[in-house]
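As structure tokens, one chain now follows by itself in the form predicted alone.
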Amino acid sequence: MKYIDEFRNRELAGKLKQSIEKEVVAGQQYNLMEFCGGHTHAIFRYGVQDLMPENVKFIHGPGCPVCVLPIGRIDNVIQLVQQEDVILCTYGDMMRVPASNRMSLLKLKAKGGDIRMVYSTQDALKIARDNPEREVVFFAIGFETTTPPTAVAIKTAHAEDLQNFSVFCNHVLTPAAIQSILESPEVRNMGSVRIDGFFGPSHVSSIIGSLPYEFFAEEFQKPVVIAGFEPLDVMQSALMLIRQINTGRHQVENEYSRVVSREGNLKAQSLVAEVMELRRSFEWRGLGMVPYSALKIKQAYDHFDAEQRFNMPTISASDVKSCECPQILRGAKKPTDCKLFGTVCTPENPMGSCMVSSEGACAAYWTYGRFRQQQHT
């Protein structure tokens, strides 16, 4: 299959392994952070870490929007379903994320809450059309990749004058989060986390392009390579990062050029800019309040803003006690550093979003057996 099989070729993987081994400098550590959970799962699924020299380590970052959404935002929609006669539409991963008091949308649905899993914004619009007497709220979540479909839904609802449809907007921005990580004391002051280079997200970059990463590559002097999700993509990108580190360069390079351009998808960017604007600040799980890191619905479309329509309050909520998800999201700890991992916290009984999400680091460790290796070493 074109663009799949050729990026999983065993012979090419062996050659890349040899090239990486020739490039690494003995005695030098290479700590490479993958921001996106798709890369984390590719690394574990195909054993990419096992093909790296001992001094090349992957650090797992925020992973996915489900992982970084603070508990208070989930509490918001739980309260909304409990207090208002609404139909809440959401993507599947959000159903099982624990909120306050071990509640989740799935548990609330079992108690009678009208919560429906959808595969697209168009599904949510159809539910609104089919239920004109009910308020339908779409729980919008995602990085830049899933933001354009939400903008399309809002524009469609506006064009159709769909009065019973609104969006609870939780779209967040990747570059701001990466900058926040680089500015954190753990990284900036050479604390517990050392990052020598970044794998730039794949799908996100297909929308925003590689241009937004150029600022912090220069500002923080960290190389960035936009990497595809296949194992050879990751290995080639690791080689490109190692070469930059060895030569003291800190540039943005694009390994995923078959999909990503420097400018990105201008049509999608324009669509989002028409409907949404920057929030002054937004809370990220594990990162805290990050300025200008999320989007909100513009005033021209605020009739479709669930936060405005239902006067949703700001809710502060803490993580489950002993759950190390916030530290894992920052790369400060590994899943196996958490006392709950693999004991109290499993995919069947998740304590934190890193285990719930299909792209979370804890889920990757569990699914591909990395915890077994840790326990026997």
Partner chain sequence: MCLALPAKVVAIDKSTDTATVAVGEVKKDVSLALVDAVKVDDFVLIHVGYALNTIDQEEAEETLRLFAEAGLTDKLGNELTDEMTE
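These numbers were taken from a predicted model, which means no experiment stands behind them. Residue numbers count along the first chain shown, from 1.
Missing here is the form predicted in complex with the partner chain; even so, the following discussion is about that form.
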key: Contact flag, Gln236 vs the partner chain in the predicted bound form, heavy atom cut 4.5 Å   = yes
query = Would Ala13 count as touching the partner chain in the predicted bound form under a 4.5 Å heavy atom rule?
reply = yes
inquiry  = Taking the partner chain as it sits in the predicted bound form, is Phe216 in contact with it (heavy atom to heavy atom, 4.5 Å or less)?
reply    = no
task = Please run the contact check for Val152 against the partner chain in the predicted bound form: heavy atoms, 4.5 angstroms, yes or no?
result = yes
request  = Sort through Leu105, Met276, Leu232, Ile71 and report the residue having a heavy atom within 4.5 Å of the partner chain in the predicted bound form.
outcome  = Leu232
task = Using heavy atoms only and a 4.5 Å cut-off, determine which of His203, His303, Lys222, Lys296 is in contact with the partner chain in the predicted bound form.
result = His203
query = Looking at 128 to 136, 277 to 285, 249 to 257, 159 to 167, which one sits within 4.5 Å of the partner chain in the predicted bound form if you count heavy atoms only?
reply = 249 to 257
remark   = Contact check, 291 to 307 vs the partner chain in the predicted bound form, heavy atom within 4.5 Å, ordered by sequence, gives none
